[in-house]
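Next comes just one chain, in structure tokens: the form predicted alone.
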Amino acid sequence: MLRVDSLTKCFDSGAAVSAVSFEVSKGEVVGFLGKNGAGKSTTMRMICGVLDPDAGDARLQGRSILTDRHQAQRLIGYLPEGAPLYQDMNPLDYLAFLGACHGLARHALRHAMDRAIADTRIGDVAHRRVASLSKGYRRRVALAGALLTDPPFLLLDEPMDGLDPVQKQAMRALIRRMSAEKGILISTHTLEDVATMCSRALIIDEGRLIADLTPEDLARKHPEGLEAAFIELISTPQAGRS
């Protein structure tokens, strides 16, 4: 579904991402973990074509994000960090606008909107201005936009940010349900999300991928479990890693 090959990005401060490579298959939910500034969001922005890499490529079902960008982007539902939205729109207007951008016909758009609204449970705020919504509801509206065209691959950057415990439970259930037919890459700081949703965990530190393993294998690396193992791994100097 997704193949990332040696993605690299440098800024004035140095290399933000260095030769990151991995794959995500249909039916997988893969957690993307790391400290703030480790390179998670930069990698995800390169995968979806928002940011051009300095080297490397990402392919969605074989389509290069560099040489076949529009076709590759049609396969991606992207929930960016911070969930940027048009504050003066309501969720219905926002989804209709996105549908028009995708060229959906009226009947298809209505069906797509109904499905996305039901999946993200935003029907009770569908007519309210985005600016009046809580952080959690704004996150869910942005997710509805990512799901609108029912894309085969989802890139979700901190999807649980701002959600209350009940909303988080519903979000995890939705992601697990969707995972049967999609490939999903989730950037998260919450180890509970990885334990309950993910089949693999990718760990990035200082722009380099340092681990690709199952949550169970990660947890076995430390007697105190998943969180302790993750902290120990990212706290180990790169020169000392096997």
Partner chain sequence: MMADLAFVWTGIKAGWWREIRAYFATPLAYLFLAIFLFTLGAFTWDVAGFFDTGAADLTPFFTWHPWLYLLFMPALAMRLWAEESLSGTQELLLSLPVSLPGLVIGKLLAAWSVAGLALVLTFPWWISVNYLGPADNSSIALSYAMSWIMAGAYLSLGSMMSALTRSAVIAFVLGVLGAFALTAAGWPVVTTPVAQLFGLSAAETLAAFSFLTHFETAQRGVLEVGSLFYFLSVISLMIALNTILVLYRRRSGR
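These figures come from a predicted structure and were not determined experimentally. Numbering follows the first chain given and starts at 1.
Another form, the form predicted in complex with the partner chain, is not on view; read the next lines as being about it.
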Inset, instruction - Evaluate residue 26 for contact with the partner chain in the predicted bound form, applying a 4.5 angstroms cut-off between non-hydrogen atoms, and reply yes or no. - result: no
Inset, instruction - State yes or no: in the predicted bound form, is some non-hydrogen atom of residue 134 no more than 4.5 angstroms from a non-hydrogen atom of the partner chain? - result: no
Legend entry - Exercise: residue 161 in contact with the partner chain in the predicted bound form, heavy atom 4.5 Å: no
Inset, instruction - Would you please decide whether residue 74 lies within 4.5 angstroms of the partner chain in the predicted bound form, comparing each non-hydrogen atom pair? - result: yes
Legend entry - Non-hydrogen atom within 4.5 Å of the partner chain in the predicted bound form for each of 175, 223 and 227: no
Inset, instruction - Work out which of 48, 38, 197, 202 lies within 4.5 Å of the partner chain in the predicted bound form, going by heavy atoms. - result: 48
Inset, instruction - Using heavy atoms only and a 4.5 Å cut-off, determine which of 129, 121, 115, 168 is in contact with the partner chain in the predicted bound form. - result: 129
Legend entry - Stretch in contact in the predicted bound form with the partner chain, which is absent here, among 211-219, 27-35, 180-188, 49-57 (heavy atoms within 4.5 Å): 49-57
Legend entry - Heavy atom within 4.5 Å of the partner chain in the predicted bound form - qualifying residues of 75-94: 78, 80, 84, 85, 86, 88, 89, 93, 94
